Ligand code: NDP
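Starting off, we have a lone chain in the form predicted on its own, written out as structure tokens.
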């Protein structure tokens, strides 16, 4: 029996796996909130109008706890999956579990997109691309010359930090509450920074040296739950701030509500999801992704989630 693309699946449903054509999926824990299937299946339907070969492609979502990832990847490969997206908490964990890694993803130290090879998976990272596109489209911010305050030190933060440095940001300030994780990220970034100053700090007590007219990027999971505290007190930050939260569901996190109350320009992570997803689809199919259709499908799914 073919399983619905709207279901939240588990690894137990891989045996036996039945899909009429190439299967794609997003893996995460939790994953119920993900609207990636709606977005990607709308894109695949559009591709099928141009090329009927894509009519059999389907995109699913699997709830995979972190301790199951090492077994999940070979099982999905054996089941014939063509490509995977990885979200929290798998982006760093997967780095040691894939056969090949794209050089850009290796610099980041995290992967969010896997493409099937004959013997395993090849890992890519499209988060930085998605972030750069979203900051430009939603807030009018080019990363080149921007002062960036980044919150988090996980896989999403790594992708963001490397992209900021690659594009030539003016300075990069990284706030994370766990010092060991922060230091590990700073160690990874410093060889890539060149002349760009990179600083670490505790977001519980922002330092006086933070730049004015910066863009604040939340790459933590704080805000996924309604009762989550804000990852930083925006009132303690310098003037001219713009706020970008990578979280897209819920569309209004406590951080974004605070930004609105303070009159700060802000945006959630929906556009980032769309653009990183479009780049993933291009890696899997070799075709230009229908970004507009993906955006419309994502907005509709979010409104009906």
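Here the structure is a predicted model, which is why all the values come from computation and not from measurement. Residue numbers count along the first chain shown, from 1.
What comes next is about the form predicted in complex with the ligand, which is not displayed.
Colleague: Go through 94, 157, 169, 108 and name the one with a heavy atom inside 4.5 Å of the ligand in the predicted complex.
Modeller: Comparing distances to the ligand in the predicted complex, the residue within 4.5 Å is 157.
Colleague: Report the residue, out of 165, 132, 222, 98, that has at least one non-hydrogen atom within 4.5 angstroms of the ligand in the predicted complex.
Modeller: If I apply the 4.5 Å criterion carefully, the residue I get is 222.
Colleague: Closest heavy atom of residue 181 to the ligand in the predicted complex, within 4.5 Å or not?
Modeller: Yes, residue 181 lies within 4.5 Å of the ligand in the predicted complex.
Colleague: Just checking whether residue 148 would be counted as a contact of the ligand in the predicted complex - the rule being heavy atoms within 4.5 angstroms.
Modeller: So residue 148 does not count as contacting the ligand.
Colleague: Taking the ligand as it sits in the predicted complex, is residue 176 near enough to touch it, meaning that at least one heavy atom pair lies within 4.5 angstroms?
Modeller: Within the cut-off, so yes.
Colleague: Applying a 4.5 Å heavy atom distance criterion, does residue 191 contact the ligand in the predicted complex?
Modeller: Heavy-atom contact with the ligand at 4.5 Å: absent for residue 191.
Colleague: Within 4.5 Å of the ligand in the predicted complex, do 27, 281 and 285 each have at least one heavy atom?
Modeller: So, no: the whole triplet misses the ligand.
Colleague: Pick the stretch from 76-84, 98-106, 223-231, 139-147 whose residues have a heavy atom within 4.5 Å of the ligand in the predicted complex.
Modeller: Careful reading of the contacts points to 223-231.
Colleague: Looking at the ligand in the predicted complex, which residues in 109-137 have at least one heavy atom within 4.5 Å of it?
Modeller: Only a single residue, 127, comes within 4.5 Å of the partner.
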